[in-house]
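In what follows, one protein chain appears twice in different forms, each by itself as structure tokens: structure 1 and structure 2.
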Structure 1
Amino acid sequence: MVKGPERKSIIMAVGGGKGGVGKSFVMASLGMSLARQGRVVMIDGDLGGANLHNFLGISRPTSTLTDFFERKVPLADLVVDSGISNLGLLTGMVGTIGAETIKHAQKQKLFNQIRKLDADYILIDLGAGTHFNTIDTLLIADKMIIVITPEIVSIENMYNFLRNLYFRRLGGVLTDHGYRDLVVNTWHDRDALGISNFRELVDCLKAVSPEVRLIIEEELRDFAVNLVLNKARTNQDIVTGNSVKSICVKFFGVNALYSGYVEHDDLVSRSANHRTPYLSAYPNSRCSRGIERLTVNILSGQQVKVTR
């Protein structure tokens, strides 16, 4: 169903540079939590390896995003009932198409139809990697979520992902205003210009002209990412999220919000294997309570308070 003109959906998308950090579990749990407040449509945007349905406790639907791209079926017609009240699902098909195969016109059509879905909340679970189609999908969201784990590989991949995300957004903004290739050329000459990180890149770009400064300040004022630390086992793991946030602010100059953490629970895998939604099976667990706090923080813009 396509929504009426009076309804404004909040779009959330989750991404990250590394697979295996638990993006799909976090997104499925957020969707179930939000479904208690309004109509939710979840989109599994991992076109080559869709698995969001496993965390909702259902079999993979036969209607998928492949039908949208290959058979031109309207997006709204592909949303299926998840079996959970107020929650619909639109999934990708395993092993058919990937983000790199989508053409620009297809991508724009997808984005337009996502915005028209009849929902209070639209949640998009993206595949791993930094392909520009994946990045562009994250950039249409009102709430951009990056999931990490307290492991050095995950954190390093997150920085790479954030760099690509910010670079894409910055380049797109300036291109729209007639400054094509300014970001790319400035970054290419970074050694000569004494630029060592993205914060310094932005400062250098702002110095190009008052117009460029105004464009960057106005267009990127609301650019923010929500950091979620998954699989936390210790208090030190939880503190890691705050450290990652501080580094994002220092070296990227972006508004990074440490929205919350989810504690490790072996029962997450068990519930997925048994096709039982975790929040339904273990509503009073510490992990479930963390998801509830995370949901509140993402909606309100609040951050987790961490003490060492």
Structure 2
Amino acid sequence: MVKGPERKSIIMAVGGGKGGVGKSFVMASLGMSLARQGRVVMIDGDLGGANLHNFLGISRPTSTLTDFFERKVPLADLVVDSGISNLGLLTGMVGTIGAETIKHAQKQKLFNQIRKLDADYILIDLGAGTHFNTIDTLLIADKMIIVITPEIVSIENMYNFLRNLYFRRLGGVLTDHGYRDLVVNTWHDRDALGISNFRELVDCLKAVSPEVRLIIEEELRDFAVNLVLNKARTNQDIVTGNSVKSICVKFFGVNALYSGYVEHDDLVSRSANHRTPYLSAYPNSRCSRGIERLTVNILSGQQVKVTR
């Protein structure tokens, strides 16, 4: 299962935001769609509440990430067959271990072994919330995916998550260049510095010195998130994705791509209950076609066009 040096996998990860927006469904379907063009390994990194297997139509695998953390089994040996051609699954374990309890060294070891997995695409499904372990895992991905639904709670959570994600990256980048704690300290003194929001913080940091400005501009140029709008029911819902993207670009200065929307379908939860992967049960539904377009867009960097 260990790959040669010539094979470069694309890592995609979904995380953050609100629970129940459909992260696992979107990821499982994306994985099935990608498995038609290459070898896929899916990692259920929602350590507290792994449920990816449900969307792939299988029961919970017996070997899990807990074996990696507690029994030091190599990651590659824990990948199980999902029953879907070209798609391997590595699952989390409910109850025994949470994202909060993982130590730094364990995390680095996990990341290294993830990068070495033998696959064209490695998909990581992370839990909701803004714990830094979740954010760090998302930051190792080549494609960071954020799923939203057309509901105010979900969108507000997303903005919040995006801020956290960007800060963590900003802090990491500046620490790497010898500016440890600059972000945290600046934020701590926000009242004195007259900083009231995200943009002002970034502007203030850039004003520290020309070097800091250069670091921020250079290192974060490629920072981009892929937005997916799930459970769309109306055209208005679809356009919400365009608006959210625009706001991310204009008010956060974050390069957000509106990679796709997936239409709501009651059959999604029903097929999970019946242990049938939705994408193979209803390959021609509007929802499945949305997944197919999403797959193409994420790989190519294309976006949803505005329809009005």
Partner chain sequence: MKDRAPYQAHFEMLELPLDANFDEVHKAWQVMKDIYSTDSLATMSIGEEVSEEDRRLLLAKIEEAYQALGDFFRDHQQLLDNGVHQLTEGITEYDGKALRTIRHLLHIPLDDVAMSTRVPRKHLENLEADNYAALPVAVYTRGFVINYAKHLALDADLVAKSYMEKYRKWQEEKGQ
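Here the rigid core means the biggest group of C-alpha atoms that line up within 1.5 Å when the two forms are laid on top of each other. On a predicted model such as this, the values are computed, not experimentally measured, just so you know. When a residue number appears, read it as a position in the sequence of structure 1, where counting begins at 1.
Between the two chain copies, the one drawn from the form predicted on its own is structure 1. The two forms, fitted on the rigid core, differ between structure 1 and structure 2 by 2 Å or more at the CA of residue 198.
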